[in-house]
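The data below hold one chain only, encoded as structure tokens and taken in the form predicted on its own.
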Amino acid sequence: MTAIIRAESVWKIYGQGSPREVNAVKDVSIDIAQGEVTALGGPSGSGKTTILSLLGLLTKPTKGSVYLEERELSSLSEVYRTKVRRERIGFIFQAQYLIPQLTSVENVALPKLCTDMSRDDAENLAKERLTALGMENRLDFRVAELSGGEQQRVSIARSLMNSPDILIADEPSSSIDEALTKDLLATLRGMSEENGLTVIVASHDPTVLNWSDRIYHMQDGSLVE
């Protein structure tokens, strides 16, 4: 299948040239096929989250390049990279960054309120995204009133507000039990199969790794067999 995004010999070095220099990612090349579910496995500190940040254009590589559909993006301005993230990529973070006092709809609509979309349009779109994830009976519930699995669905709905081509998830099962994990993975698989969504997930959870189409294992910042 065609690679929608790829990293070519990327390095990420923090504190370069200082006594505290850390090679978080070392000479990694990785292709992510369009429409596939790709997992990055490995222990904590192996570089999985850093790779997600590089592929998601949240950070620039110290060396190497990141391509989105053959266009090199890692050397471009932060303004342009932000535009690409806003239009093409969705994120599910390990920390969900939901606002407990706001309702499900308000949390999901919030990113669109920073654009030129009206509040009514943003909230209507948020309702559509939540309803598609089985949250039609929880639209006006505050996040603090929701279960862990429901909060995950709110987080997913928010990540889909920009109709992304790529969804990046960092340890999505870390705060939920096995049953909810399987439910979450079924939801993501459905979106991949029905909408051609490309999913990239970092996890050390065997359930998540076995569910993916392709697994890359990481250790000490490098890919391993």
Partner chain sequence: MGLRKHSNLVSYALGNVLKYRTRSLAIVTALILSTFLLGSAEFIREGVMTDLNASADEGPDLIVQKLWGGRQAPVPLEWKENLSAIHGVRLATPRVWGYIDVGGGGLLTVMGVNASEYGTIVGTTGTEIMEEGRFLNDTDRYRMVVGEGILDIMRASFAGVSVGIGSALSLIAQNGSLIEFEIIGVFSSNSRIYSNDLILTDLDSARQVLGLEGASCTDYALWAEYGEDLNSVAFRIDTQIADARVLTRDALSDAMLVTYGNRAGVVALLWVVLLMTVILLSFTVSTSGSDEARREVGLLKALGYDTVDVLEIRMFESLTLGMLGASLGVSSAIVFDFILGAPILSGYLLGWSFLLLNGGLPLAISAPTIFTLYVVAIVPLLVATVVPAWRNAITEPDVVLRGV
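Numbering follows the first chain given and starts at 1. Note that the coordinates shown come from a computational prediction; the quantities given were computed from them, not determined experimentally.
Not pictured, yet referred to below: the form predicted together with its partner chain.
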Any chance all of Thr59, Thr82 and Asp170 sit within 4.5 Å of its partner chain in the predicted complex, going by non-hydrogen atoms?
yes
Within 4.5 Å of its partner chain in the predicted complex, heavy atom basis, the matching stretch of 43 to 51, 29 to 37, 191 to 199, 64 to 72 is 43 to 51
Its partner chain in the predicted complex has a heavy atom of only one listed residue within 4.5 Å, and of Leu139, Ala132, Met117, Leu76 that residue is Met117
Any non-hydrogen atom of Ser147 within 4.5 angstroms of its partner chain in the predicted complex
no
Is Tyr14 close enough to touch its partner chain in the predicted complex, meaning at least one heavy atom pair within 4.5 Å?
yes
Is there a non-hydrogen atom of Lys112 within 4.5 angstroms of a non-hydrogen atom of its partner chain in the predicted complex?
yes
